[in-house]
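Below, in structure tokens: the form predicted alone, a single chain.
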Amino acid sequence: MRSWSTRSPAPGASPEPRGGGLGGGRLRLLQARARLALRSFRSGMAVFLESRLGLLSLLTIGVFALMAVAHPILMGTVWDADTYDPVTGYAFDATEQPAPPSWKHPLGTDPLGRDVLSQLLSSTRSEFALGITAALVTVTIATTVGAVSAYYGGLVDSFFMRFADLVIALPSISLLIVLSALFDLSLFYLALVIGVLGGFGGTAIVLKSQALSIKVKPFIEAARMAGGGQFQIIFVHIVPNLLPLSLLYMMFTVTSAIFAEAVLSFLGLLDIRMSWGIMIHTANAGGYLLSGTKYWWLVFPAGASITLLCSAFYLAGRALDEVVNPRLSRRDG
């Protein structure tokens, strides 16, 4: 007869607590996932930094980030609010407005006597806030919609995808012009509108296509066989695998949000204290855009900032594409 025996613990050794086995297993699983995520991040960062586009974009974004940080520091230490406030300040030392660049005003003043450099630095914070908020809203909605549509399919998929087709068919700039004419759009609400339009639009379709390829992976079936619920499979297994592609589309959303704000501010349709688009709008309202390069400081700093920051985030997205898509990586080619 075959006998079954259990191994007794060694003398002096304490038995393993039964209640802590499950918790310890979960802890080891979380540690393993953290190590894998850190390894993946390091590998992706190495590929990103190998790209000249990536380095150039990081450098440009870093310069604008320093500009955003520099304005409150300068206002608190060097500049006085009566002269250098971007909205209510006035250059009393200049006899004619707009004044050309000088030692006290390196980028001159606008037709209302306000320092252009102070306006430029102050607007950088608004552009970052707008772009990042719109990007987070877009990615949150698009990732959720894409994962849910791919997992359930059927009527759920048809509803979200047809709605996405409708959003794509609408001209975004024209729609934003109509909304800004009907409502007082502040910077935050503009970011929400752009984020919602982007989240339910083309980004959702792209992420849904990626989610379909993740849905058929063996680990999804293993999670289902292990008793994982629908919520767990979608938000624990599918959504995390969509995040690299979501991060890529965040960069493109920042670019479109900054461009849209510049257009609407130039038309005078937004309720914003100061932005690069408002700076160009002020110059246009005074008729200085028709004077050629004589008053270049009224247009060139704001226009160049819009172009450079939008280009930086776009180039960052192109560099991230090499990380998300291994076929574009130089390591594989």
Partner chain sequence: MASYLARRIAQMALTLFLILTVTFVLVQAQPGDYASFYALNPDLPPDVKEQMRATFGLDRPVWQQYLIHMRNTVTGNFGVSFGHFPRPVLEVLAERLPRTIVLFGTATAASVYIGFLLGKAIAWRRGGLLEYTATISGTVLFTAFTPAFALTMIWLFAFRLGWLPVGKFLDPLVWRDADVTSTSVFSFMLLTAVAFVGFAALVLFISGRGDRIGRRWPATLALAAGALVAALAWTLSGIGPLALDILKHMVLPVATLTLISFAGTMLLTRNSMLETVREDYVTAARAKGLPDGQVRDRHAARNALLPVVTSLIYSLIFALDGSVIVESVFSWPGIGLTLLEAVRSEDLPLVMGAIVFIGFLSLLSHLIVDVLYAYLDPRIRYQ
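Residue numbers count along the first chain shown, from 1. Only a predicted model underlies this, so the values are computations on that prediction, with no experimental measurement involved.
Below, we turn to the form predicted in complex with its partner chain, even though it does not appear here.
- Although the partner is absent here, Val178 is a contact residue: one of its heavy atoms lies within 4.5 angstroms of its partner chain in the model of the complex.
- For Phe259, a non-hydrogen atom is located within 4.5 Å of its partner chain in the model of the complex, even though that partner is not displayed.
- Contact check for Phe183: a non-hydrogen atom falls within 4.5 Å of its partner chain in the model of the complex.
- Contact annotation: Leu56 falls outside 4.5 Å of its partner chain in the model of the complex, judged by heavy atom distances.
- Just one of Val78, Ala81, Ala169, Val87 comes within 4.5 Å of its partner chain in the model of the complex, counting any heavy atom, and that one is Ala169.
- For the options Ile132, Val263, Ala94, Leu247, the one in contact with its partner chain in the model of the complex, meaning a heavy atom within 4.5 Å, is Val263.
- Only one segment in the set 144-152, 109-117, 96-104, 170-178 has any non-hydrogen atom within 4.5 angstroms of its partner chain in the model of the complex, and it is 170-178.
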